[in-house]
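What follows is a pair of forms of the same protein chain, given separately as structure tokens and numbered structure 1 and structure 2.
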Structure 1
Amino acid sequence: MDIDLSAQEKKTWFFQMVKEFPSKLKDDVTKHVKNVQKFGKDDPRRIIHSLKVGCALTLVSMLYYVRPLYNSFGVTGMWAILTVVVVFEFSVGGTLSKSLNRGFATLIAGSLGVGAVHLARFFGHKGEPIVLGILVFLLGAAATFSRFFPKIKQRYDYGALIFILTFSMVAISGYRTYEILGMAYQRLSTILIGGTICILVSIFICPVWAGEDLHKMIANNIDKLANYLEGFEGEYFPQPEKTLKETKSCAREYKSILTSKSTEDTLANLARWEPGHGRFELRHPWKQYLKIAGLVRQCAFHFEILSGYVLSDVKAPHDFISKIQEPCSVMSREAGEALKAIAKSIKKMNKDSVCVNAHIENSKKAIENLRVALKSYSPETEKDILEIIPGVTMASILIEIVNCVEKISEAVKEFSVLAHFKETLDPKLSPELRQDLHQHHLLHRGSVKPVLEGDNEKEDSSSPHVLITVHEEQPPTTNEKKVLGAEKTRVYVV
């Protein structure tokens, strides 16, 4: 009786599974389709890249489909298809890097392989395999050792690998065949055809530039730092109108910067292979991006430490916090505005040193105000000193962040000169003043001082906002030498 019940249960379970199978299959298919759609929407370039690879494979397969081409290359046309599969990368720089590495490595290794075979044949039938074995050992070991050098590893590692493979194949197969030269020529030709098709499709059909991705990445990372500093005041000095959710969101954005080094290095390496395009010239200073990225990451590490104090339950006394709140808020706010201006300058490739310097100077003034506030606070007991340590540490980290922002600003200034950023002035300036400032090279021989609110007793629409001082050198007379420091000064109030 028990056996009959068990069989009946299994039968019922089987029919239930068969009945539910169509609905489960439909749910699984719908789920996978939604995942694919989401993956494609995150970066539509992935879909375009897939179509480009299919296009390149279709073009290169003509070596088999077209009879005249097949008669010329024969079965070696398969090397062209293999080349497309191996060298076609997501970015133009990646495709160029692999294509050129593969092409030159095949050319050099094929030439050396043919030379090695002809050299070995001078030693007779018995000595030929010995000589070939020695040459394969020496060149294979030397090429493998070269891959440990950092510069070769970074830029030519794939080429070294193809060199070892091609030389070994040509040298070893040459021992059994006498048509080694024709075989090497056919393989090199098909590889060059496959690589050329990859390069042309990658560049001329919806190109993805690694340099442009690197440029956007650095600017966006600086923006993330600015967003954190914007939300810092609401996190450490909570305000009732700001919710916890709003402050937590900006506190996590910067964390992706901490692990972005490998991506930045890869993009910078690939960008060096790319030709000049758009706003990026042929010899664009890609290494400078890595310098800026290193400073940005250093700043993000300070944020990570600062975030620990922000989220900590141990806080300094309320009276001490109220004393340092104003200068710390100004420091974080002005440093954030400076970072925003820097990010905007990089994105648009325009110089904006006046605005950045103004915010950094305001941050430094806030540091001085903080020092005055710390000196005015006199703890009475040792316990009071221990209680204010978290607040003092937080303030010292903010000071380090301001210093990091200044270093980033200096690196971007250096980069703007090397990358030939466009010179821009405040759009509020009149055309006459703009032309005069351009003629006298204001940004190199003058100073711009923002006039803050409260500096003027009369606050109306006619009050000055910026004080601009231009130092103009006086031309020397015919009989006198030019005296260093002889200059006249112009002052503009805008």
Structure 2
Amino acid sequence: MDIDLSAQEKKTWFFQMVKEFPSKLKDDVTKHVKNVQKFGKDDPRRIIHSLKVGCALTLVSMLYYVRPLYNSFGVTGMWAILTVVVVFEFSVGGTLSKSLNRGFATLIAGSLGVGAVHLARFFGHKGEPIVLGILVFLLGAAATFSRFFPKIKQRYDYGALIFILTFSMVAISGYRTYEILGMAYQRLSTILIGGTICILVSIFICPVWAGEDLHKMIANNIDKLANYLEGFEGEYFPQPEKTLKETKSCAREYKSILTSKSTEDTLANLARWEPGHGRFELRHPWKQYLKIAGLVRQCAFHFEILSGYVLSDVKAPHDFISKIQEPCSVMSREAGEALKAIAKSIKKMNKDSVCVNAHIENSKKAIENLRVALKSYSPETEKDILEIIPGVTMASILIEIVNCVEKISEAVKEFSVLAHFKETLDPKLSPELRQDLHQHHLLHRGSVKPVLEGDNEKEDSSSPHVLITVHEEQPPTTNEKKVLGAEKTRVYVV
């Protein structure tokens, strides 16, 4: 809009605005409604949680609406409402942690408060407020200080808060109220009622388990890494036969992993409060997830650096690139497949080390091939060594990534033992054959070659080979059936 607008133009512009206002408002409102709908659809558990809170509130309000209940609790029923509102969290672990913290802290602080009031009464009416004041000051300060300690902060922060709250309230109001025992009892019982309602609604109506969320998050993070590696080949190396659109570009989902530590820590912390549920036992090794998550993040750091070289316009000369293309492609592809297999094994809670090891061995073999390729490359001019730097660095980081993937696989293997993952080797295979397979695998490290979907390479059909089918859902029928064509079956020629 011009600054030197004439008065007439301004007027028409103003009327235009007024005219358009209703339709604009309508657009805005529908946009917002759509946003909210989309937000709810993204994770329907949010809607369910909101309804659960409403439900718990309605339940607890019965303390007021139902005459016999109101007669026994009176206005202290208010504490039950308060408890429901502040204690009800999204996950079962969160609700349990807060409820238990609140319950125990109230019990301990209430008893101490009653004790403090009785103690203070020895000092006469004048001395009582002074003694109580000093006690409140000291215990309040000490409990506040304790909240800074990492261990207490992590698990008992809310408990310490409620401790200060309850102790102060009992001790201070004890000066004016003479029925503090009754008051403490009523406060405790209403908190118990509120807490129990929360825990029951939280566990029995569409529960959200923090442990399950953590489990899925770690598996998904590994999948995100795999997705990046899947697109790497297409994005880094020139694909003559494909157009730019067809080339699968790297998924940048891994970026969320870089800063996901606090979420993981919180989930692991809450998971430890949860009882056994579904596939997770009471003493599930939750801490182990954090170890895996740390290695996954380490791998994501490498991706972040690699990504800079992928996006950079400065690439190595064509003859160098074509020399390293094959081994680098195999490295990234196989490492990606290994990560996919690891993620699947976590998701299904099945041991799948044969498949994972095979892919890792393949990518290690590719590292060897890369070394051979580099050895045979002799720079033609002086300038050449300078120009190949980006390519060399990229390859070097890719090697580090393969090492990271191996570390992740080892951590998951350790975890799979602690978490009692199921074996997935075909149960119809005899123990001897399994032993054979294992030995064969150990002797011919690097020669394990998975048949990938759409893999056109010719197999040496004369060599003797054993087929292992790793079924996903359906029970196995024979060892050689359903080998090809079945979409969800992966075949290994050992």
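For the two forms, the rigid core is made up of the largest set of C-alpha atoms that agree within 1.5 Å on superposition. By convention here, residues take numbers in order along the sequence of structure 1, the first being 1. Being a predicted model, the structure only gives us computed values, none of them experimental.
Structures 1 and 2, same chain in two forms; the form predicted in complex with a further copy of the same chain is found in structure 2. Of the listed residues Phe104, Ile205, Gly40, Leu112, only Gly40 lies at a hinge between rigid parts moving between structure 1 and structure 2; the rest are more than 12 positions from any hinge. Relative to the larger rigid part, the smaller one has turned by 20° between structure 1 and structure 2, according to C-alpha superposition.
The Cα position of Phe15 changes by 9.6 Å between structure 1 and structure 2 once both are aligned on the rigid core. A C-alpha shift of 4.3 Å is found for Asp28 between structure 1 and structure 2, based on superposition of the rigid core.
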